[in-house]
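In the block that follows, a single chain appears as structure tokens, in the form predicted on its own.
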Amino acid sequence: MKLFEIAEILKSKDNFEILTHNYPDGDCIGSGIALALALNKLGKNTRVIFTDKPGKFDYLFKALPERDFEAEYVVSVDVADEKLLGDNKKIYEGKIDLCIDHHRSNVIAAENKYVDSDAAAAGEIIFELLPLLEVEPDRDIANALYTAISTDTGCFRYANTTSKTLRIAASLLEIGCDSGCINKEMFETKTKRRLELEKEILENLIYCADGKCAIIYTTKAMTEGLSDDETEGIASIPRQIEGVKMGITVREKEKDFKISVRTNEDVDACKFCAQFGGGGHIAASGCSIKGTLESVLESLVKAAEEYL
């Protein structure tokens, strides 16, 4: 579908539920909230559905009005697969009317779908949607979109950052987004407990594939008492090491291990994760693996050595 067709559909409906994925990141949260605020400006009712609301994004959550209404149209934003809906999967499986995403691995079978894998973030798509909706973005929308785009580009450092990305960011600055405060909160502020976690992570770092791959992990014991805010961003640590082409982060969850893969140069993270049933982007992808920590690490080391 064309983006203007998506805009026409949104204009024709009144009551929306906007779905986000499990363990929501800045792009997912920012894009969902920006779309909700834009539709509110058109007199629509919106409700953004979260499985979790990380405290570091409170400045965005505060902008959302609470409204009681019966939803007639379900939109997913930045969700590549229904299984990523977490606890909400049972409620919304097969019920997504419109999917807006930027993951090339998207497999959602919505009646209406718009996927732009060239977009650095879903926030870029929402920004381009605004004029088609005839919505003038305000400061709250600008903050949401700046959060979305800056977090998915590593504060405009990752290879997915394009000239269009920077032009959009400039437009959001002109609108009046709080870029300085957002940058400090998202990229510069760490708690003492987070620094202790990083120390423990580095002590257990694993190299494989002749040093071209670095693997880090966290267990539930290591992160006990830490909020999701305090563990956000650890996936970028192994990729920053000199000579490393692929960084893998393993995080123990309740029923499995969440795997985040970040790559440099020409290594395809999405293709690597596909062998474990996951996907995402060329430079940033993920998957989940069941087993013990030892078996998961063994599988990843073997796969990385074969892949690299």
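The numbering used is simple: start at 1 and walk along the sequence shown. Predicted, not measured: the structure shown is a model, and the values here were computed from it.
The same protein also exists as the form predicted in complex with a further copy of the same chain; that form is not shown, yet it is the one meant from here on.
Contact with a further copy of the same chain, judged by heavy atoms within 4.5 Å in the model of the complex, is confined among 88 to 96, 75 to 83, 113 to 121, 181 to 189 to 181 to 189. In the model of the complex, a further copy of the same chain sits within 4.5 Å of a heavy atom of residue 161.
Interface residue remark: residue 222 is not counted as part of the site for a further copy of the same chain in the model of the complex, having no heavy atom within 4.5 Å. Residue 139 falls outside the set of residues with a heavy atom inside 4.5 Å of a further copy of the same chain in the model of the complex.
The shortest heavy atom separation between residue 173 and a further copy of the same chain in the model of the complex is within 4.5 Å. Every residue in the set 156, 199 and 202 has a non-hydrogen atom no more than 4.5 Å from a further copy of the same chain in the model of the complex. Of the residues 68, 254, 266, 242, just one reaches a further copy of the same chain in the model of the complex with a heavy atom at 4.5 Å or closer; this is 242.
Think of it this way: in the model of the complex, a further copy of the same chain has a heavy atom of just one of 206, 107, 226, 166 within 4.5 Å, and the residue is 166. Taking a 4.5 Å heavy atom cutoff to a further copy of the same chain in the model of the complex, the one contacting residue in 124 to 146 is 146.
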